[in-house]
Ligand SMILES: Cc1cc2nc3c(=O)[nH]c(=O)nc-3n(C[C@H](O)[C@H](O)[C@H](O)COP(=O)(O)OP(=O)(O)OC[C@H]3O[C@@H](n4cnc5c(N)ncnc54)[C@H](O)[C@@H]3O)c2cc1C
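Coming up is one lone chain in structure tokens, specifically the form predicted on its own.
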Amino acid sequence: MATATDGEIELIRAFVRQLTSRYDRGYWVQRAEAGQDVEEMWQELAAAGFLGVTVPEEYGGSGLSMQRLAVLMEELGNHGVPLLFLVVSTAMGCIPIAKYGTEEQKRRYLPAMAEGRERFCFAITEPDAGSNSFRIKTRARRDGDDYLLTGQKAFISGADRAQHMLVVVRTSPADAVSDKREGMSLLIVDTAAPGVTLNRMDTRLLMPEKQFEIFFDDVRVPRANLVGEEGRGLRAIFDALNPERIVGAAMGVGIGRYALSKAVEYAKTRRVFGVPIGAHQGLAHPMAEARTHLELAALMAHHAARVFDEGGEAGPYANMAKFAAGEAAIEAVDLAMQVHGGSGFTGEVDLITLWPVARLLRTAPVSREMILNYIGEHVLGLPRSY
């Protein structure tokens, strides 16, 4: 996979600036408040080829590039229109199939995803397993040429917009294998298949994407829908989760920049005691620190994307990027609200709507505590703590 050039990156940013001049923050908020998706934006992204940035060229995409997708997500965030489902379908849906799918799977699904005709969600989280994904209970047992799928998933983003889902299952129970990493598999499941039930969850986030619980009641899935090897799906799973962390970090950077830009503009024009409030170091210094932390997070996210594209071990950098961006986004949004004072809580200023999204990044898709556990064990070489 070729490294994205400066020219390509600028073309992506220019496209997003043009796109968000028509589908701006006001459009995004209006759709989110109405419980509607942003289909017009999605189709324009498809028409411009941006839904194919993680699809190899031979299947109708522009080449599997996390760098390009990270820039796209960052720039959308810069303009206050983060698209969470773009992370889910384009990164988590496309990449496992592109890297581990059969030739038939690639030809069946990848062109349709690149063209925006079909979409995927990714189903791994379970109510009882939480951060311990090795203890998931959703089970796929063989039945002739099929699997029978039973279990439950939770916090599945955009399941109502997806025609298919990549479902992480156990084809062997955790207590039946000597290594907890064994016995995990990845299946393509149609969201409208008999036995699949979607229940919308009551999450209080202002986003166009909704969250769902999904129940599987003896859902029949052809064995041809297995992605990779049965019981050895961990690599394919993490090749979906690391991109989620990278692109989620890029989104966090963009959200933070958007909030901070509003604070800076306000601090230049709001005058108290005869001078702009931005002239006071009590505000100028925290804003300068917040911008520094955002740019450091951006550099880590871009580095993680480049390592992933080059086939290196991206896990440490993906986790560090996600940690840094989550903290920087919260810092920037909180500071922007403080700079605006009481008006920071009003709908007119539209900062309070960013707080839940920024705060989410500290918890999901992986909590800051689990990231620190990972860094302690896999980067520093410390004894495992859990």
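For every residue, the number given is its place in the sequence shown, counted from 1. Remember, predicted model here, so these are calculated numbers, not experimental data.
Separately, the form predicted together with this ligand exists; it is not shown, and the next lines address it.
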Name the stretch, out of 265-273, 147-155, 100-108, 221-229, where some heavy atom lies within 4.5 Å of this ligand in the predicted bound form. 147-155
Although this ligand is absent from this view, report whether Met370 comes within 4.5 Å of it in the predicted bound form, heavy atoms only. yes
Answer with yes or no whether Leu205 is in contact with this ligand in the predicted bound form, where contact means some heavy atom within 4.5 Å. yes
Using heavy atoms and a 4.5 Å limit, would one call Ala123 a contact residue for this ligand in the predicted bound form? yes
Contact of Ile375 with this ligand in the predicted bound form (heavy atom, 4.5 Å): no
Is it true that Gln18, Val81 and Phe345 each have at least one non-hydrogen atom within 4.5 Å of this ligand in the predicted bound form? no
Let me know the one among Val88, Leu294, Ile136, Val189 whose heavy atoms come within 4.5 Å of this ligand in the predicted bound form, would you? Val88
I need to confirm a contact call. Of Ala46, Met320, Val38, Leu360, which residue comes within 4.5 Å of this ligand in the predicted bound form, counting heavy atoms only? Leu360
